[in-house]
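Next up: a single chain in structure tokens, the form predicted on its own.
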Amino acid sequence: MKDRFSLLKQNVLITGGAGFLAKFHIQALIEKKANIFIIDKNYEGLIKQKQKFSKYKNIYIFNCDITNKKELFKINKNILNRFKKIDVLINNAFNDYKIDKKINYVKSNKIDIGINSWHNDLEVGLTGALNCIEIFSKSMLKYKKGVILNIGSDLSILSPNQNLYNHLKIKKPISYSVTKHGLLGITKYFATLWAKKGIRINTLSPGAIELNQDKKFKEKINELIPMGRMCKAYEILEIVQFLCSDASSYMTGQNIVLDGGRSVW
């Protein structure tokens, strides 16, 4: 029987490839023996990411800003010249806001996020994602088969609970929330537009992922989650494999929320 979770020799491109979440996407794809292409404007981060998986030879890195369409066109041409097509696009790039006492997201109770922050966050998280869909879908449309996976957040469907950050005297910026909500709109739009063209597009929305957050934050957010704990990053692996493979062949336009039940409480 065919392994419908197989990604053997599938060409998978990940944006934001130097980031924290990307390494778990990469691990998921390595387990399924895909060819992996990672894009990020942080070249040193790309090198480190590749070094983490040095035993796996089919990883290729591209130093690129996804808001620069000219650079994206070059990467697409490079990949297609050698590998003929791109099978899967994972839109993982976004401006991250870590829970850190040294970072002041919003300085006061006013909606004072700074217009530059607003534009840049939307430019990376939404315009960048749209750029990648436009350019890297070309071979998908040609071969009438492909998968696009947008990486959202529980804040794709929830408003930030600012009480989580009071003790740090910071606020989650509006631009992050709007960007993650916007990805759902992109997902739904292309899911219906390209449903008969063999391209499926879904969103994966993880809740808070356990990292190096301070103790108080963890205590607060665990109280909001029915399962009583944050998401472990490795718990994303199998879901990424499912959404990128033929195992989810009848699924498109959906938002898979991985939040321990927080959004239904």
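For clarity, every value in this text was computed on a predicted model and none was experimentally measured. From 1 onward, residues are counted along the sequence shown.
Keep in mind that the form predicted together with a small molecule is missing from the display, and what follows is about it.
Asker: Taking a heavy atom within 4.5 Å as contact, would all three of D65, N95 and G152 count as contacting the small molecule in the predicted complex?
Answerer: The answer is yes; D65, N95 and G152 each reach the small molecule.
Asker: If you check N222, N42, N58, Q27 against the small molecule in the predicted complex, which one has a heavy atom within 4.5 Å?
Answerer: Looking at N222, N42, N58, Q27 one by one, just N42 meets the 4.5 Å heavy-atom criterion.
Asker: Sort through 27-35, 193-201, 50-58, 206-214 and report the only stretch with a non-hydrogen atom within 4.5 Å of the small molecule in the predicted complex.
Answerer: Selected range: 206-214.
Asker: Could you confirm whether Y165 comes within 4.5 Å of the small molecule in the predicted complex, counting heavy atoms only?
Answerer: Close contact is absent here: in the predicted complex, Y165 is far from the small molecule, nothing within 4.5 Å, heavy atoms only.
Asker: So in the predicted complex, is the small molecule close enough to V124 to count as touching (4.5 Å, heavy atoms)?
Answerer: Because a heavy atom of V124 falls inside 4.5 Å of the small molecule in the predicted complex, the answer is yes.
Asker: Could you confirm whether V257 comes within 4.5 Å of the small molecule in the predicted complex, counting heavy atoms only?
Answerer: Output for V257 is no: heavy atoms all beyond 4.5 Å of the small molecule.
Asker: Though only this chain appears here, would A18 touch the small molecule in the predicted complex if you measure heavy atom gaps against 4.5 Å?
Answerer: Answer yes; at least one heavy atom of A18 falls within 4.5 Å of the small molecule in the predicted complex.
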